[in-house]
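This document opens with one chain alone, in structure tokens, the form predicted on its own.
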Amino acid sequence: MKIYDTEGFPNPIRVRIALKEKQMTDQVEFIPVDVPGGEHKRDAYLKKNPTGTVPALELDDGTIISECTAITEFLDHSSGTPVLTGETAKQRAIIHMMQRRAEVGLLDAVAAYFHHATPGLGPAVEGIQCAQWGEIQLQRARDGMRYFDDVLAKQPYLAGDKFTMADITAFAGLIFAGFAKINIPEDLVNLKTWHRRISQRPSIAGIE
């Protein structure tokens, strides 16, 4: 398998953490994509992934899978433990729900702030920007952090008592937040404690 990505970017981080959790990293060849240089918008890459996003997974039969949730779902069902997307119907639904909340309320919100209300990756990559929209998304990200702090007051992980893709997505969102200079508010002690604990996992240690 091949994964086209940009190391250190938030969505590629999600897939790389999942690969380490599943002990599948040695089954993948990583192909770097120069997103800051605009490579993801060029024809060669767009022929593989028309959305122009990273990461993208290329299977041995030539099938291309993009979107983090699709890639991690494939990886999770390609190998055994640990299971990151749930075993029962209820677990899978809850994990999917919490991962989506982590995407919309944190990772995507931070991304919108970064790409619209800051210089982002520069004019050659960013195109049209709307600073007002970016500031709205900044507040959405802060609200998301507060929501997850409330969740973590009741349970050790975002989807219950096990580490899942929801935690991976939220962690990647906080990495992006730190890069965009959005700090976790000091009073969100549950989120900060979770963040410190998650940072010590072998699949995550050293990423930040």
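From a predicted model like this one, the values you see are computed outputs, not experimental measurements. Start at 1 with the first residue shown and count on from there.
What follows is about the form predicted together with glutathione sulfonic acid (GTS), which we do not show.
With the partner left out here, check for me: in the predicted complex, does some heavy atom of P55 sit within 4.5 Å of glutathione sulfonic acid (GTS)? Because a heavy atom of P55 falls inside 4.5 Å of glutathione sulfonic acid (GTS) in the predicted complex, the answer is yes.
Determine whether any heavy atom of K48 comes within 4.5 Å of a heavy atom of glutathione sulfonic acid (GTS) in the predicted complex, and answer yes or no. Although glutathione sulfonic acid (GTS) is absent here, K48 would stay clear of it in the predicted complex, with no heavy atoms inside 4.5 Å.
Exercise. Is R146 one of the residues lying within 4.5 Å of glutathione sulfonic acid (GTS) in the predicted complex, judged by heavy atom distances?
Worked result: Taking the distances in the predicted complex, the answer for R146 is no, it never comes within 4.5 Å of glutathione sulfonic acid (GTS).
message: Whether F176 contacts glutathione sulfonic acid (GTS) in the predicted complex should be assessed with a 4.5 Å heavy atom distance threshold; does it?
response: Judged by the heavy-atom cut-off of 4.5 Å, F176 is in contact with glutathione sulfonic acid (GTS) in the predicted complex.
Which is the contacting stretch out of 138-146, 23-31, 61-69, 156-164, given heavy atoms within 4.5 Å of glutathione sulfonic acid (GTS) in the predicted complex?
Within 4.5 Å of the partner lies stretch 61-69.
| request: Report yes if all three of N11, V35 and H40 come within 4.5 Å of glutathione sulfonic acid (GTS) in the predicted complex by some heavy atom, otherwise no. | output: Every residue of the candidate spot has a heavy atom within 4.5 Å of glutathione sulfonic acid (GTS) in the predicted complex.
Heavy atom within 4.5 Å of glutathione sulfonic acid (GTS) in the predicted complex - qualifying residues of 93-107 = Counting only heavy atoms within 4.5 Å of glutathione sulfonic acid (GTS) in the predicted complex, the single contacting residue of 93-107 is E103.
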